[in-house]
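Only one chain is shown below, in structure tokens, and it's the form predicted alone.
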């Protein structure tokens, strides 16, 4: 047990928690906007995976992480376009299309990876870190919190920006109206379908960026199915957060810590059975659902297709 309380172990645990939490945070923030607009974006796992593949491919070919992030965003948006056309414009079932989209992207990215990288498994070089002077020297938390890649700080800024957008701007009220009372928004002159399309594309961009971060920063390479359910955890967080981006951040850190603890305990040689350790992230999901699931407030029109003039 004493080996689990060392500075090295705690610092490694915190570092792993941050690395694991950022993709979930980005996906959760994207899903939150989609749900506020009334679209249950089950395909977010596929958008993350496509972002991870395209982001890694672009970063590997151009030797630029930032171009890789842009590629990840583009991959997520292109996948989200399929969701927007089929579910928002054509009004097809959002759950069925989302599951089908995820399964399709899993197969496509695995096939592309097999033909391109299955024999080499190339890796990206270690990313540059933005060290905050004076804070990175703090014990345990210094390197873990204040010596991260710039994209980590941008993700935290996104939490603040989205919180302000939802509470203080007309766009935030319009998004809420599209999810709560789409017919009333339509009567008032709002473009319900347009708002929902934009929300779905934003979700794709955030999920794609999260996938690119996972591949380029978290792992340094692309592996088929590497998202491992991070997109679905993002959906859970978005549902439980009740429209509050800060809650998505807190939930992401909790799940990131659970995922990091899974690895850290095995590395530390803990006597806890491996099966129990690997169960921790899923146990955390179930615990959060039990504690807060009943109080989750979802938009009234979530998952329902909207057709102008329909009753």
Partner chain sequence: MSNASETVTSLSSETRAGVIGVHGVTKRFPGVIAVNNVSLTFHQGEVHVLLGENGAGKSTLVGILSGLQEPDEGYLSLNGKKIRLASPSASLDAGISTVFQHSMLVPTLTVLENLTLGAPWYERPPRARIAARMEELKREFALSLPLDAIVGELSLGQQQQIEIARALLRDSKVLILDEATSMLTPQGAHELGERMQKLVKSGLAVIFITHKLAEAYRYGNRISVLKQGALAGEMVPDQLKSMSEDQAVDEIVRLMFGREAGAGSTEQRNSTKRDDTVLKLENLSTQGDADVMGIADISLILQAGEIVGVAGIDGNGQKQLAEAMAGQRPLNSGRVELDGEDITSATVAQRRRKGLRYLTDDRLAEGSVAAFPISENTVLKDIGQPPFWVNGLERPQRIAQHARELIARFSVHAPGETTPIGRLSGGNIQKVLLGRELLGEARVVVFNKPTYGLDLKNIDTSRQRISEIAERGLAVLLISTDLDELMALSDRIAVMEGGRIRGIVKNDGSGEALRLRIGRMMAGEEDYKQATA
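Numbering follows the first chain given and starts at 1. Source: prediction; values computed, not measured.
There is another form of this protein, the form predicted in complex with the partner chain, and it is not shown here; the text below is about that form.
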Q: Could you tell me which of 101-109, 181-189, 120-128, 225-233 sits within 4.5 Å of the partner chain in the predicted bound form, going by non-hydrogen atoms?
A: 181-189
(Q) Given that the partner chain is not shown alongside this chain, does residue 171 nevertheless sit within 4.5 Å of it in the predicted bound form, heavy atom to heavy atom? (A) yes
(Q) Although the partner isn't part of this model, could you tell me whether residue 116 comes within 4.5 Å of the partner chain in the predicted bound form, counting any heavy atom of the residue? (A) no
Q) Does the 4.5 Å heavy atom contact test between residue 153 and the partner chain in the predicted bound form come out positive? A) no
Q: May I ask you to check whether residue 176 falls inside a 4.5 Å heavy atom distance of the partner chain in the predicted bound form?
A: yes
